[in-house]
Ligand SMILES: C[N+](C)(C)CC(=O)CC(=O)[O-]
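Here's a solo chain for you in structure tokens, the form predicted alone.
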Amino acid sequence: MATAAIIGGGVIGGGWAARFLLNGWDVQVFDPDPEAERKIGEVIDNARVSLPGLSDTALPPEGRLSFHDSMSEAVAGASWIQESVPERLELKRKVYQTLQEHCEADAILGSSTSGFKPSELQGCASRPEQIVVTHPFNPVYLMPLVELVPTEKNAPALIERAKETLKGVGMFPLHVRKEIDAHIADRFLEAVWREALWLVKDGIATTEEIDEAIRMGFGIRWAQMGLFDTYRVAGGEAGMKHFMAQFGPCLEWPWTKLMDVPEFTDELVDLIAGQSDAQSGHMSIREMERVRDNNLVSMMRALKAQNFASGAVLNQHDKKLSAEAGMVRKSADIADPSLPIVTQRRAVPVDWLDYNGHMTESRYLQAFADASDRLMEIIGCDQEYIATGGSFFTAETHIRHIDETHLGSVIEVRTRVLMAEGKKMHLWHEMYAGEKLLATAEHILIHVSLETRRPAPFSPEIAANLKMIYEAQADLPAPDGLGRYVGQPR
């Protein structure tokens, strides 16, 4: 079991703790705040609800979380150390001196700093080659981006190891090849922030109106396409050159005040704070976090369906999780074909809930359909096979809803092959939460030629794999509920 040390347990440190913990790492925390355990516990509670909803396979077993009275205890045995102390250079350097007295010499020491360059952090370190910037975005347990900023003192092997570790917990490490104050992303945020302060100060817009302009407009575009691709599309068929020719001259117009910063007076602070309280003061911070998390999960799950932007990162992480969990992908991987095959193991995400707060009926069908797709893949009807012109079509489905399940519950579908002959496959699925039976599904699938759209015999490979599973499971007792019609007593 890998171990991460979290030094500083505020909003960012707590998010890092959740990211590592829920991806199977042991997490050791040091924070002198007497409320640190409660605060981090609340962040992790939110993450336990939201993070599993991004995956279409179950996360690994949760690691062990512990809190320590000293940095020396917290870093013991840690291969990754994440520093998230306040943004004061002298404090960070002092922390690094203490950490390096006690941590492993080959541990990676990442800093969450949003502003300092890694060369500044390495300044008086005994082993500067250990220290890199790993700047995340809030909430760390959901947002994939982390800016990885090294210097020439960091060996290429350490940089690659840092990338692999971050990818291993489902993040997207952006290698910033040349250090600069505030890295990359925060420089954009700072520009927007400065302009927003002027718009409020000059009475042009309120905090709510500025937020609406972002979330109703360019924020949605940027979330899935970024800046330059968005403007390339805006240029129409002529592309980026047309956009630049059309809008380039406006850069010389006095549209912004980016080089001029409003004085941070008490009056400006009170004005912005008052507007912000009026805008969202009816919700607690924890309520706002849950709304934010639900929105982020729903948006990124939509991107998963397109295998685009952050959705592509999540799909890659799902493949890794599925492989590590031992999910069967090929018939040769089945340890004991005489037992039902686990074809789905995943958490119930927020967009699978109905108005009663439990999983809606259409998602039971989706989970069972995904299980049938997995069984197809196992027997050899994968994308490569389908490209040759053969596939299975579902001819009949019967679902029984036996118990309810809720947000975050880990569901598992176990599949049996009841019949496989000629052109027909008869599957039986049972959905469980732990050992509680939630639902059953009976599927009849017909093998077809995609060219004629008519029934066609299995390929020899599929026929052999289906026969192997069917014969191995033939001695299992008939499933309870097999062939029952709607309304028939259980």
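Numbering starts at 1 and runs along the sequence shown. Remember, predicted model here, so these are calculated numbers, not experimental data.
Missing here is the form predicted together with this ligand; even so, the following discussion is about that form.
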{"query": "Binding-site state, shown form vs this ligand in the predicted bound form, superposed, 3 or more atoms under 2.4 Å of backbone or C-beta", "finding": "open"}
{"query": "Heavy atom of Phe137 within 4.5 Å of this ligand in the predicted bound form", "finding": "yes"}
{"query": "Contact flag, Thr397 vs this ligand in the predicted bound form, heavy atom cut 4.5 Å", "finding": "no"}
{"query": "Contact test in the predicted bound form: Ile214 vs this ligand, heavy atoms, 4.5 Å", "finding": "no"}
{"query": "Contact test in the predicted bound form: Asp186 vs this ligand, heavy atoms, 4.5 Å", "finding": "yes"}
{"query": "Among the candidates Thr165, Ser114, Ser391, Ser119, the residue which, in the predicted bound form, approaches this ligand to within 4.5 Å (heavy atoms)", "finding": "Ser114"}
{"query": "Of Glu289, Glu377, Asp370, Glu190, the one that lies within 4.5 Å of this ligand in the predicted bound form (heavy atoms)", "finding": "Glu190"}
{"query": "One stretch from 230 to 238, 128 to 136, 264 to 272, 361 to 369 that, in the predicted bound form, holds residues within 4.5 Å of this ligand by heavy atom", "finding": "128 to 136"}
{"query": "Sequence-ordered residues of 285 to 308 touching this ligand in the predicted bound form, heavy atom within 4.5 Å", "finding": "none"}
